[in-house]
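Shown next as structure tokens: one chain only, the form predicted alone.
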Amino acid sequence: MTNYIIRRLLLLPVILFGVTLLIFAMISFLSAEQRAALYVADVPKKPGALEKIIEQYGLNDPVHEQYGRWIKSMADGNLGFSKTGKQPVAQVIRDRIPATAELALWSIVPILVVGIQLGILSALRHNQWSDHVLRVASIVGTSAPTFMVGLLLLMFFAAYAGWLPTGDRLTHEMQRVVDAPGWRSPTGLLTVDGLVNGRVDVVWDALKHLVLPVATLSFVSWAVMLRITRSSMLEVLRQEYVQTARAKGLAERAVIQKHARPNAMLPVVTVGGFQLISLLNGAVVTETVFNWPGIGRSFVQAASNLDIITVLGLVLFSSTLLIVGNLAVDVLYAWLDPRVRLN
């Protein structure tokens, strides 16, 4: 296991190097003023000011020298200045991560629980009416556009019934409580920080704002988990060791829980891990529909305003998160299945 982890860790810098090369290649196509925004918040409009900045930061130097300076700048946490957010890109990411993380963590629970349980149920009742119903539901779930699901939920539960808020993370009243001096924010997750500060009303308000975006993401994603779990479970149930366990007289519940289910979960772990990584990278459509102040909405705002520096900074962040998350999923898969690390 240790050797497998070491091999995967040795590949990490190589992949990151390739990603940085690709992003730097895209930066090289920018104009001098746009590239200068990586180093200064605002390019002066005075005659000759831009030329001085270009000379100061060596923007006309050989490509390898510019790449070295850019890598050093990235290592120092300088991703450039966001014209959309009116602050450094690194600060934009730090400010938006908690909102995206809270939405992702609350969404992944129903995605995994509902998707896996329904997938197992569908496999155990193969070709029965309940299996057919679940298969149709999974097709609807994977086919339904995210924006359509979100808008329908908004129209019925928020606009028509008025049971739930239409967007944002908090009401204005609760937001003033959070912004007030003395509020402790160790995690940035409102449902957690509210408990830390002893404000159950903030927690309740945050939960109400989470319901619709979590339901949207869950409806779209649980269908994928159902189909993967169902296929994996059906394959495992046909294996000889399952048939042998049944032939020995084991109860069907014991066969499913001790023999079939653990082995069927291996592909599910991979898919679930990648779904969580995708959510942490920002659910672009859902965050936009519900005005959720996360990474995905920041990406849309930057792209709409042609804020290329912010877009590239967010792409670098998302790529790094995807690579690290992929490594974590591979290690977890190898820990669950010894055959993987022996290959």
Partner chain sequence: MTAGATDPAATPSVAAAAARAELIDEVQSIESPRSARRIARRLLHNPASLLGTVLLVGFAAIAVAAPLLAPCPDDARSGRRCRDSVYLVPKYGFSKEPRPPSAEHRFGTTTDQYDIYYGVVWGTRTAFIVGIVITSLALVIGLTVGSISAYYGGWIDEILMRIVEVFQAFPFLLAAITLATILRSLPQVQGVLPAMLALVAFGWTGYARLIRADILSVKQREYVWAARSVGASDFRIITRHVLPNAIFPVLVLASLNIGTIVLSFAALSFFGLGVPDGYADWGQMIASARQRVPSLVNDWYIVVFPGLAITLFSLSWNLIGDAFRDILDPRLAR
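By rigid core we mean the largest C-alpha set that fits within 1.5 Å across both forms. Positions refer to the first chain, counted from 1. Note that this is a predicted model, so its numbers are computed, not measured.
Below: the form predicted together with the partner chain, not depicted.
Only one of 77, 188, 145, 262 lies close to the partner chain in the predicted bound form, with a heavy atom inside 4.5 Å, and it is 145. The candidate stretches are 67-75, 169-177, 134-142, 108-116, and the one lying within 4.5 Å of the partner chain in the predicted bound form by heavy atoms is 134-142. Contact with the partner chain in the predicted bound form, defined as a heavy atom within 4.5 Å, is made by all three of 15, 19 and 235. Although the partner is absent here, residue 160 lies within 4.5 Å of the partner chain in the predicted bound form, judged by heavy atoms.
Residue 279 falls outside the set of residues with a heavy atom inside 4.5 Å of the partner chain in the predicted bound form. Remark: residue 154 counts among the residues lining the partner chain in the predicted bound form, judged by a heavy atom distance of 4.5 Å or less. Using a 4.5 angstroms threshold between heavy atoms, residue 311 counts as touching the partner chain in the predicted bound form. Taking the partner chain as it sits in the predicted bound form, the stretch 299-323 comes within 4.5 angstroms of it through a non-hydrogen atom at 299, 300, 303, 306, 308, 311, 312, 315, 318, 319, 322, 323. Core-superposed comparison between this form and the one not shown: the Cα of residue 15 travels 2 Å or more.
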